[in-house]
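In C-alpha cells, one chain follows: the form predicted on its own.
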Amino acid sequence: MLELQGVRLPMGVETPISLEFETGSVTAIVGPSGSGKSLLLAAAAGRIPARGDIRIDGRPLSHLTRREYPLYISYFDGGSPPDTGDTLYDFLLLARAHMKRFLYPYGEHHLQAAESVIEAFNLGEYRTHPLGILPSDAFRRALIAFSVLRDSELLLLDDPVAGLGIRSLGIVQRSLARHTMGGDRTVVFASGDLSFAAQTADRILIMDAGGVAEDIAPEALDADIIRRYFRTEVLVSRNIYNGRPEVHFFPGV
C-alpha cells in the first residue's frame, strides 16, 4: 500500500495531500496542465523533494535502500533509455537486472517473464530490432513494457498513453488490468486522456492547483466536473459494453 500524509508539492502552494492507494488497485490522476499530476507521481516515486510523509507498506520512502527501491517502485516518465542501439529483447531483460544474482545469467523465470510481456504488448515482431528504429507506437509500448516487467509492487506511470494510436491504447489498458489482477500490484498513472482514465482506472483523482480537488469513481466523471476543472465544454457518453464514461470534445469550443 502507498500512503501519503500531509504531502506538499513544490509548487508554491500549501495544499496538503493525504491519500491511500490500496494494493491491487488502478488509480488515474487527471487535471489541467500545471495542476500537479506529474509532480505528485514524481514525489510518490521519490524523484523530487516534497514535504510530508510518504510510505510504502508502512515503510518511509526515504528508508528504502538503493537495492530495495526497484522491488517496491517502478517509475515511468516517458524518457528514452541511454542506449537505443540495444535490441528490444535485450532492453527488456534489463528490467529484471535487480532481481538476478550478480554475474549470473538470467534464470528461466526471467526469460519467461520477458516473453510474456512481449506477447502482452504485441512486440514479438520487433524482438531483434534496435530500439532506435522502432515505430513510435511500438517504442512507447516497449518503454511501458519495461516498467511492467520490473514487477515492482508499485507501478507509477506519467502520461503513458500520450500520442498512442487506438490499437496501442487497448493493449496498454489490458496490460495494466492484468498487472493488478493478482491483487499484489498497484498502478497509479497520470493522464491527459480522460476517456482512457475512465475506462482503465478503479478510481480517479482530479488535481487542481497542487491539491486533490476530487476523489471519485470513474462512473462519476461527468460534463459538469470536467467543465469545473478543465474549463471546457464536453459531451460525456457511456460505453455500451461497461457503462463507463467516454469524453467527446466539441471542435472550436
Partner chain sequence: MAFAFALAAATAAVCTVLAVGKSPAAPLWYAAGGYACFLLGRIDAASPPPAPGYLHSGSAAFMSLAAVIVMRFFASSVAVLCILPVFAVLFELYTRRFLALGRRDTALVGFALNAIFAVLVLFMLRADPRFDATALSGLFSGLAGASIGAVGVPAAVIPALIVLHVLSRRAAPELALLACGKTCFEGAGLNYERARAALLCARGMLSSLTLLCAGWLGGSVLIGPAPRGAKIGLAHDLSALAECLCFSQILLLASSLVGPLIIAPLWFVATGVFFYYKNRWRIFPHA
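This structure is a prediction, so every number in the text was calculated from the model and none was measured. Residue numbers count along the first chain shown, from 1.
As for the form predicted together with the partner chain, it is not shown, yet the points below apply to it.
This chain is drawn without the partner chain; in the model of the complex, the residue among Leu94, Leu169, Leu154, Ala113 with a heavy atom within 4.5 Å of it is Leu94. Contact with the partner chain in the model of the complex, judged by any heavy atom within 4.5 Å, is made by just one of His109, His98, Arg127, Arg174: His98. Partner contacts here mean any heavy atom within 4.5 Å of the partner chain in the model of the complex, and among 189-197, 64-72, 205-213, 30-38 they occur only in 64-72. Taken together, Pro81, Tyr104 and Leu131 are fully in contact with the partner chain in the model of the complex: each brings a heavy atom within 4.5 Å. At the 4.5 Å threshold, heavy atoms of Asp159 stay clear of the partner chain in the model of the complex, well away from it. By the criterion of a heavy atom within 4.5 Å, Arg185 is excluded from the residues contacting the partner chain in the model of the complex.
Mapping the unseen interface onto this chain, Arg55 falls outside it, with no heavy atom inside 4.5 Å of the partner chain in the model of the complex. Using a 4.5 angstroms threshold between heavy atoms, Gly165 stays clear of the partner chain in the model of the complex.
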